[in-house]
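Given next, in structure tokens, is a single chain: the form predicted alone.
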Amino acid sequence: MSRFTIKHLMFGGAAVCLLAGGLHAKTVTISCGAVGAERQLCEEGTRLWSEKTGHDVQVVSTPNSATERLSLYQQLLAAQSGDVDVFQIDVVWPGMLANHMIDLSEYTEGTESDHFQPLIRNNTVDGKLVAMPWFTDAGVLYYRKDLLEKYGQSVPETWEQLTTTAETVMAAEREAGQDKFWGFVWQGRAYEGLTCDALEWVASYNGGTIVNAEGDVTINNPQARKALALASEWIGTISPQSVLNYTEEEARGVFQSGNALFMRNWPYAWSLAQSDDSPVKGKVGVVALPRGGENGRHAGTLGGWQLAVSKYSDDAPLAADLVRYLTSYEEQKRRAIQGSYNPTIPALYKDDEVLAAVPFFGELFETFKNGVPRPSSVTGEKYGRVSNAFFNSVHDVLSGDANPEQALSGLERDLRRLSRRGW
């Protein structure tokens, strides 16, 4: 069995923690997130691989913000650093990081056929499988079952219904003395998470996906403006002003403490809300996000994370073996049951033990299977700049610094300028 120690390193100015093994000759270093139970589950999974193979693993914690994490990765890879062998990468990063990653198809022995094929296609760049799917995601709506029942309210089908219901319950709870209670919490900081939230609003109103599959900039349209106008009305009414600085964990903290009726988040928050020490255990329901009006649709942004092996790794075959283990059926099943992380293997959505632990996996299978993609494939290496321009424009609207017409007109000009030489 491996022996583990703790080390701290500085990468790109960010302090990161290494969980390092010290007995075996070979060591693989992997970057893992720390949102919710991510870090714990990563450590447990790598420990199981270590015990099975006799090799050590160093687990590197990176920033929770996807935007900050990408910047750190780009610094490491630009320096051709071998400090990290396996990178946990966002679903929208394969095109940006492909040149720095090995072709995993040389090591998978065909296991990629077990996964959602749209994710495999997403992770294949110029014929090279640059990453294996680890867990997938789509935005979902959490709600307090007990409070909706208490006040005779229904689960909202549209964003307009959510707004009205949130106003009603929030007013009643505050009148009852819950002065910290809010109607709706979500991710409003100017970062990738806001791109995900805002894309859901826009897509739910049939306003497109910023840039369409042909590469045309489509964001400046009446439906997108309508979606942002409604969201801007939430600030200071059903959502706190501080939501403009919320990431996933800030939103979860408010909701799980019992101080919100609705929350937009990813499926990982389910197991934490149901934990023994959670004030809302047994009081939470999960459904698809609301439609944009009666003619809109339910839209959850496709999220999720992949595992990729750096071509600067000193032992790529060993690192690839770790990736194959962590993305396997049994390991994804363990993560689904313990942490409600969505598997990327369709068969697990019919597994009785998984469905007993996370009932909504079966009910929302189509939501997860058909999540709204961000325009990363069509914009390629420029996606980071596209997303940055989008979430900053949205943040300006939410902050009251611009109206939807101004923000989206300016965004359209910026994106067209960015695309002049092609995506």
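From a predicted model like this one, the values you see are computed outputs, not experimental measurements. Start at 1 and count along the sequence shown; that's the residue number.
FYI, the form predicted together with a small molecule isn't displayed, but the following is about it.
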Could you work out which of Met101, Leu228, Ile238, Cys196 is the residue within 4.5 angstroms of the small molecule in the predicted bound form, going by heavy atoms?
-> Cys196
Partner-contacting position among Gly296, Gly304, Gly183, Pro156 - heavy atom within 4.5 Å of the small molecule in the predicted bound form | Gly304
Given 323-331, 74-82, 113-121, 296-304, the stretch touching the small molecule in the predicted bound form at heavy atoms within 4.5 Å is 296-304
Contact label in the predicted bound form: Asp137 to the small molecule, heavy atom within 4.5 Å | yes
Although the small molecule is absent from this view, report whether Glu192 comes within 4.5 Å of it in the predicted bound form, heavy atoms only.
-> yes
Contact between Val91 and the small molecule in the predicted bound form at 4.5 Å, heavy atoms?
-> yes
Considering only heavy atoms, tell me if Tyr205 and the small molecule come within 4.5 Å of each other in the predicted bound form.
-> no
Establish, in the predicted bound form, whether Trp201, Glu233 and Leu398 all lie within 4.5 Å of the small molecule, using non-hydrogen atoms for the distance.
-> no
